[in-house]
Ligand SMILES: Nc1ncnc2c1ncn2[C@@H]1O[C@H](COP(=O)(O)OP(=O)(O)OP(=O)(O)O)[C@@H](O)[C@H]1O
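One chain follows as structure tokens, the form predicted alone.
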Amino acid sequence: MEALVVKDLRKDYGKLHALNGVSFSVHEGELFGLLGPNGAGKSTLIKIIPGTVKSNGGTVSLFGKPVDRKLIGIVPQDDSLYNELTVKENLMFFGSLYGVSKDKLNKVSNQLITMLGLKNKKNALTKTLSGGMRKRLNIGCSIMHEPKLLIMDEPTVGLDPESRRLVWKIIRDIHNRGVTIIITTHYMDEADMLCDRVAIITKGVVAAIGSPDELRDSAGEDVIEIETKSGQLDALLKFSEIIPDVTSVDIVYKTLRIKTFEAEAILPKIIKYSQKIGEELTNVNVRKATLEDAFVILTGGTAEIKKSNKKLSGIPKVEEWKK
């Protein structure tokens, strides 16, 4: 069964088209990721799903029916906790907003305190918590009413690595309870680690949908990364453009990035040419394409990228992912 079905969703803010006919579905029990650069339409989309913002067209259905807000939990990027309440009081307060009975409030809040790793902070005022603890409590408040769909807006933004991993564990624990989860994130490793499938959104449309492995495969080629002592890469870029079997060349943060299916044959040519022009190479790396590579290709690049004129090939269209 589909937990969520979005069809031809559109949203305009004056002349700005935030969403241009977005369509996708999320399977029941799935952990689904939404990736996209700033301004792609992700925030607008996750506000329309629960009805916080009205669309200009299209439909949203939840478990085959019109959206019932009580079935949805929302974890906002900025927490909405009450600093003068304790950890348990916050959980019970937010649960009460959804009509959870007093007996159940006590039981569920105690269970969540243990799951969130906040047992020793149960009676501590929220204002005394660290950022990571607040994030975990924020998640707990969003599931006090045991929603069937949980929407998380960049759940680990601003957290240190250890806190991120604790939040990842909590997300997995919630997912293992059978809750369908949608997360937005800018972290490629987070999407790779957590998500069953990912939708990449750019300029208000869905560019591709698939598992992290499928999206990586869409980038396809090996990637040769080269850095030079001088930091000057234009000559190597121009040379790489004319080598047969190079599918794309760009410069990202002073690193020449060459994509090809023939890395073993092409790399010696690059090295020989660099020696010819007297350009000392300080770092040479050959790796498989990553989810970030697929993201950059599908969104047209969000970093400081200088591209070659060669056209990319082998990038699947949205329709192909639906087959």
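These figures come from a predicted structure and were not determined experimentally. We number the residues from 1 along the sequence you see.
Omitted here: the form predicted together with the ligand. The next part is about that form.
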property	result
Region of this chain that lies against the ligand in the model of the complex, out of 272 to 280, 23 to 31, 42 to 50, 251 to 259 [heavy atom, 4.5 Å]	42 to 50
The ligand contact at H186 in the model of the complex, heavy atom, 4.5 Å	yes
Contact label in the model of the complex: L9 to the ligand, heavy atom within 4.5 Å	no
4.5 angstroms heavy atom contact with the ligand in the model of the complex for E214	no
Contact test in the model of the complex: E89 vs the ligand, heavy atoms, 4.5 Å	no
E154, D196, D222, E225 - the one with a heavy atom within 4.5 Å of the ligand in the model of the complex	E154
Partner-contacting position among N38, N285, N56, T59 - heavy atom within 4.5 Å of the ligand in the model of the complex	N38
Residues of stretch 1 to 34 in contact with the ligand in the model of the complex (4.5 Å, non-hydrogen atom)	Y13, L16, A18
